[in-house]
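Let's start with one chain on its own, the form predicted on its own, as structure tokens.
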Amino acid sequence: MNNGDAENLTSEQKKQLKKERRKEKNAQKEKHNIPSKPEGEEPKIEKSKAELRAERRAKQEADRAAKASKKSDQVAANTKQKGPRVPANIQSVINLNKTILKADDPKVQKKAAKKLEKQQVPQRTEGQKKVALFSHLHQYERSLSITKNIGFGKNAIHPAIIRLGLQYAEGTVTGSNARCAALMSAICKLISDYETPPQKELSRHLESKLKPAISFLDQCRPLSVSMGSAIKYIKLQITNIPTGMSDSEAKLRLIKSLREFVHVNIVLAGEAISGYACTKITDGDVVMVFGSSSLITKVLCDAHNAGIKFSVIVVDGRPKLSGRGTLRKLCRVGIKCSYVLVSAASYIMPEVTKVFLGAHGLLSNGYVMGSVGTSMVAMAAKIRGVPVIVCCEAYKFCERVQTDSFVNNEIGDPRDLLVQNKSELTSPLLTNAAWEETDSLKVLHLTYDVTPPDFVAMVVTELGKIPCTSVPVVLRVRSLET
């Protein structure tokens, strides 16, 4: 053999030795029942059941901890972005408003039309020249008939309700207290003429007769905050009628409770508010009022009758110019008065010592809902450092939340802002005929505005003098009483 054959033999011997060693190892593994593994892999060590359970438990706890930390981070991020959490009762009201205030949504309007058709209530036709920014609100025109398609018969709407609805639509009955009192009077007539059908229960059937009446009034003019509180009270009294009581006794009980509601929440509350508010008027004061408010007029007349010497500045605004009625009443009792339009409120504000304002309603976030122009007067007073005192009955407090006049408002008839008579051609205002001919011109007539609580010094109610931020507390107390 040469040197190359020796080297080849040596390598073959090495390979054979490796094979023999591998066979020995496999034989040993088979002897000890250890399964063979491919080269490069280590054999698995079997774990006991207790160890496996411990591992699963540790993994589950780790997953739970990770989910909890992730959830807490998400809640913190949402709170940081969206602000404090809204209470559940207020959130339900917000969701309700989102559903109702969608006059531009065909699905919502179709559902509302079916509901009115089921109740046999005619749907009011909306105006043609609508303002796009307020398309989510209903915009009616007084020239369109409300009772054109109304039916008559046993199941028709009560004549007292029809008469009241027309008075609302024409503006004959205005003011929160007057509208609420008129509603209660009409409901009393409906109850007195009501007869329970055979095999029916009064507490259930009367409420079904009440629903179309309320829907008709809402079609004539959107319900006020005071009317909403009155309707809740009516439904509560109907549901509280004992089952064994006769129909005549139940009707007398209902009528008595409705009249008591008006007496307590309007008459007696007005007297209590007047007593509190008169203490804020002193000799030599110059009091500014805006528009027409039966409660504010009562406060000023009672203060004058008490011997307090003061003067009043009546601020008024178009189109209703309701302040003229306040001016006549105050002058009739002998109070010295001045009359200006709302555009001059900031000019005459340096002479004013106090501002008294009425309210359509007080919202849960402390904002005051009043006739359009109220916020402007309150802002002018705030700038000059003049205290603003709002007088409002507690039954006008509502759970609704609102910070502007765009989301929820009432759109009045745009023709009220135009010149109606041909004899007024010297007026710089646009005539009704010219407006109808101009297709591109839209007229907006807002009825209410909201005043921030920062502009209001105090709210005088029959419960006492409170800040605007105490509205949720009053609502909670009143809900517990009922």
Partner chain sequence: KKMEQFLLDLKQEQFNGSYDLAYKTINHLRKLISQTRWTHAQELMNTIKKEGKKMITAQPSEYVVGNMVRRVLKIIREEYVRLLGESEESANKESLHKMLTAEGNERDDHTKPLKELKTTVIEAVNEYIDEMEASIHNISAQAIEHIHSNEVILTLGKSRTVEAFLKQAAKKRKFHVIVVEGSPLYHGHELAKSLASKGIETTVITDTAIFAIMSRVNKVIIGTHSVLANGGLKAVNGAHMVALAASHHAVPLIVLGAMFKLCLLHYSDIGGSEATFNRLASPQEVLDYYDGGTEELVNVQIYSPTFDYVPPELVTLFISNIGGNAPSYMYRLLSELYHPDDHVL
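The term rigid core refers to the maximal set of C-alpha atoms that superpose within 1.5 Å between the two forms. Residue numbers count along the first chain shown, from 1. Note that the structure is a prediction, hence the values are computed from the model and not measured.
Form predicted in complex with the partner chain: not shown, discussed below.
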query: Segment that reaches the partner chain in the model of the complex - one of 257 to 265, 325 to 333, 186 to 194, 352 to 360, heavy atoms within 4.5 Å; finding: 325 to 333
query: The partner chain: the contacting residue among G412, G373, G270, G366 in the model of the complex [heavy atom, 4.5 Å]; finding: G373
query: Contact residue in the model of the complex, from A113, L236, A344, A306 (heavy atom within 4.5 Å of the partner chain); finding: A344
query: 4.5 Å heavy atom contact, R253 and the partner chain in the model of the complex; finding: no
query: Touches the partner chain in the model of the complex: P122 (any heavy atom, 4.5 Å); finding: no
query: Close approach of Y395 to the partner chain in the model of the complex, 4.5 Å, heavy atom; finding: no
query: Close approach of R318 to the partner chain in the model of the complex, 4.5 Å, heavy atom; finding: yes
query: Interface residues of 431 to 462 toward the partner chain, as seen in the model of the complex [heavy atoms, 4.5 Å]; finding: A434, T438, S440, L441, K442, V443, L444, L446, D449, V450, P452, F455
query: Rigid core superposition, D439 Cα moves 2 angstroms or more between the shown form and the other one; finding: yes
